[in-house]
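Shown below, as structure tokens, is a lone chain in the form predicted alone; questions about how it binds or moves come after it.
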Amino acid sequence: MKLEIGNFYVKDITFGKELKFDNGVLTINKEEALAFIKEDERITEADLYIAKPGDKIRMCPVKEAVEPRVRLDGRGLFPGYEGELVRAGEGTLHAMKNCSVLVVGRHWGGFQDGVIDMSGEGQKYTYFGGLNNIVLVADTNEEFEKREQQKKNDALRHAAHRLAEFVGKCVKDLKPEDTESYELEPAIKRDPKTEKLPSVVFVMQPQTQMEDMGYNTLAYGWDMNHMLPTYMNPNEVLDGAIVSGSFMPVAAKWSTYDYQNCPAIKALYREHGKTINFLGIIMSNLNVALDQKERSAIYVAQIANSLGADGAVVAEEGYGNPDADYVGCIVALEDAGVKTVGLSDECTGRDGMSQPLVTLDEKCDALVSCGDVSDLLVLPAMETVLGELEALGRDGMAGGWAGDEILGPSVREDGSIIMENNSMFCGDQVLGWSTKTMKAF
């Protein structure tokens, strides 16, 4: 399978008479784009904004991020979700880099929604604070979940993916500035030089804990709560086969943008044939019941052995209950003779004194921490708020609160906020974006 991604680098975004991309400037016809979004009758209120690095803008509650793209063969970007169910991971697509489509709730937030600052102290805590963003602020008629802490965000998530494809079409017939090419030979048909290198698999554990459908990460539109671990070509992940779910404390969340650009996959590709033999992806899941966790760990280890893996990298979306899946998977791999490194964030409490993972094992001796969800952040007011800042304290957003005996409310009268890192949208960037540093005191 060979996937080619032609890149167009967005230097600026503006509203104008037509959708076009010229000399690094993306122009969007706002009325036309909104009319397209409102074709979904569930969208009751919508507006578009532009948020660029340095703007004094705060967004809350942010629900999803997607990179604008277009496939040259006319197929949809997200097969089985938005578009015909066909195989992803091959062919040519065009992508708009340094740019994302963000969707923000106009009124209501929840456990899985977060905050993005485009300037000031808060900007550095999320990758999206450094991008040129097309921001859809919208509300829906999904009355049943407005005041629910846990939301499916179905209409708004679909809107984000549809808008990303709508915008991406403006570069379909243009010549890209550069092209990335990804091709992984069949695992049993590698050249002798590559086969002598240490063989490595990347184990991904997307959030799939909800037995009620509509919240979990999707594979080709299929709710991954129904899946057992399976082998995937990494190109499928980069090419829209995996769509972010809506069940996750948001700092630990993997947005669809993260899957489309997964730095860990790209890093393993760069080393393929040089220092490692990259075998591909074992797409696992996260479960609630102990037997489900153990079953998935057994499957992961079996697939790794069957592929001939010498080593593995395991990445966990989340913390708390999923730590049992994460640690159990690492232990199963180590017991199967596969040397394993883990990627996750941690939760040590505001005082830093709690155990960082819910469960640990001495066999987990190579863990990478991407951040502590409990870190307290105090951020000044912004000139502009897109969405509804009150959601941070009112709607049960992870890391926010209505009141605290010592700290007071998360949202202060002057517009400044205090919250845990837990509320920063995709802030811990576990899939390889993280620039955080562990320090010893």
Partner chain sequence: MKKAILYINQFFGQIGGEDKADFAPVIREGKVGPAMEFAKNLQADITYTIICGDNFMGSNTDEAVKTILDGLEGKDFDLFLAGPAFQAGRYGVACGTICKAVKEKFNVPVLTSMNVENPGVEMFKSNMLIMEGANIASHMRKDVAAMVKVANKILSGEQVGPATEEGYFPTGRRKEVWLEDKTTAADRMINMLVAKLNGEPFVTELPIPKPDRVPIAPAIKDLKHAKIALVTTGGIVPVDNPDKIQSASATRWGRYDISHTMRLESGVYKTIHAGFDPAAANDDPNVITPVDALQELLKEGYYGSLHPYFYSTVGTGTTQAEAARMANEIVPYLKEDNVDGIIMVST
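Residue numbers count along the first chain shown, from 1. No experiment lies behind these values; they were computed from the predicted model shown.
Another form, the form predicted together with its partner chain, is not on view; read the next lines as being about it.
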Q: Verify the flagged residues V200, T275 and D372 against its partner chain in the model of the complex: is each one within 4.5 Å by a non-hydrogen atom?
A: yes
Q | Candidate from V368, L228, V288, L85 lying within 4.5 Å of its partner chain in the model of the complex - any heavy atom | A | V368
Q) Which one, A95, A332, A155, A264, lies within 4.5 Å of its partner chain in the model of the complex by heavy atoms? A) A264
Q.
Using a 4.5 angstroms cut-off on non-hydrogen atoms, would E145 count as touching its partner chain in the model of the complex?
A. no
**Q.** Partner contact for M353 in the model of the complex: its partner chain, 4.5 angstroms, heavy atom
**A.** yes
Q.
Against its partner chain in the model of the complex, would A312 count as a contact residue? Criterion: heavy atoms within 4.5 Å.
A. yes
Q. Using heavy atoms and a 4.5 Å limit, would one call R270 a contact residue for its partner chain in the model of the complex?
A. yes
Q.
I need the one stretch from 206-214, 77-85, 290-298, 356-364 whose residues put non-hydrogen atoms within 4.5 angstroms of its partner chain in the model of the complex.
A. 356-364
Q.
Need the contact residues for 330-353: heavy atom within 4.5 Å of its partner chain in the model of the complex, sequence order, or none if there are none.
A. E334, K339, T340, V341, L343, E346, T348, G349, R350, D351, G352, M353
